[in-house]
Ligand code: HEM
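Taking the form predicted on its own, here's one chain by itself in structure tokens.
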């Protein structure tokens, strides 16, 4: 199935009119103020096929034909897609009873990941993902990256799958941050293989198809095994609770297993394991692809690589540790990471309407999924001049935050969401990406053997998925 989907997706660059050929026009909604409804030349399946081939160009073509708000149905699921400053402002400020994020992803991704994965994180657990906690453990994250790469790559030249290396590296760093240093490397390898099944492809088929496919069953099995793995890790931590350091795992145990964690009920243990899995999933899925994107962009631009090398050596001179403070003193590195993510990230942010909801002149019915495309925002000429060009220096002209991206209040950079629902692990993800990329660039000479032929944007929020292999030849550098 994935091979067929990739073949269909590859058609788009050669036949850019395919999407427009599918779009036949619009008809009025059932009420005068209802959004125009997309109809395609292939009844019942055309909308899904068009979105599957390329969600971003599909939405762009539909907005050009139908306006800033339009409705469609994919396999009977009612969707409304919106764009423009008003829609983004409404998404940013809307309360949960108006536009519900949790319910949207429970209903959209619940079949793949389980509805229980999408829950509101208690304040105590959110604090463990905060800037202060990440800053305190940032040097350890960098050491974890160096240790993993040293063990994985050894001292001899090698050719390897760069996507898999990035995935395993990010998962190692994430698991160490979430679960501490006692998680075995063998267990992390198993977690990596299970996440590879779970995250293999977020296609429109997986989200909306009203049947259980073999791929879906494999993902459900992987999900249940992951929960069991994290349950085992929690049991191990509870048995040695007096020696467990403060951190996310300890906070989950204290918050979710009660005063006698060794006597916690199975339902409590499962809920705690899901809380651990959710953070690992959230910190791994898009972070690994972001690392691969940024690494490839630097490797393909020797002048950029040289400037980053000069910046890095200046900041880390005289034994300065690689931690969050050092990373924030590397604006060229952070701008490069942000530009890679802008060009290949965003996807669609979804919300669910429990009651009718007004966007502009249109009334959106209750029980609808409403989405806005951050990818369209990232490619908006008015916001990002020459958006198809890789220009990290564009952020130097902006008033940026510590990570050298537009401030969240500007609502012009949607890789991490917008408004009140910005990803709580944003700082952790940036720290993992920047630390890992710094170690890779500093300690290894790398030559690209093959690069993905394209990156497929998502129907859900996040970083595009590669189509085609990303392989590199790696040689350790002599110590400086």
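These numbers come from a predicted model, not from an experiment. Numbering follows the first chain given and starts at 1.
This next part talks about the form predicted in complex with the named molecule, which is not shown.
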*Using the partner position in the predicted bound form, report whether residue 448 sits within 4.5 Å of the named molecule, counting heavy atoms only.*
no
_Does any part of residue 416 reach within 4.5 Å of the named molecule in the predicted bound form? Heavy atoms only, please._
yes
*Heavy atoms within 4.5 Å of the named molecule in the predicted bound form: does residue 48 have any?*
no
*Does residue 404 reach the named molecule in the predicted bound form, with heavy atoms at most 4.5 Å apart?*
no
*asked:* Please identify the residue among 114, 365, 331, 282 with any heavy atom within 4.5 Å of the named molecule in the predicted bound form.
replied: 282
*asked:* Only one of 322, 234, 165, 341 gets a heavy atom within 4.5 Å of the named molecule in the predicted bound form. Which one?
replied: 341
*asked:* Can you tell me which of 307-315, 223-231, 152-160, 349-357 lies within 4.5 Å of the named molecule in the predicted bound form, counting heavy atoms only?
replied: 349-357
_For the named molecule, considered in the predicted bound form: do all three of 169, 327 and 438 come within 4.5 Å of it, counting heavy atoms only?_
no
_Neighbours of the named molecule in the predicted bound form among 84-117 [non-hydrogen atom within 4.5 angstroms]_ = 101, 105
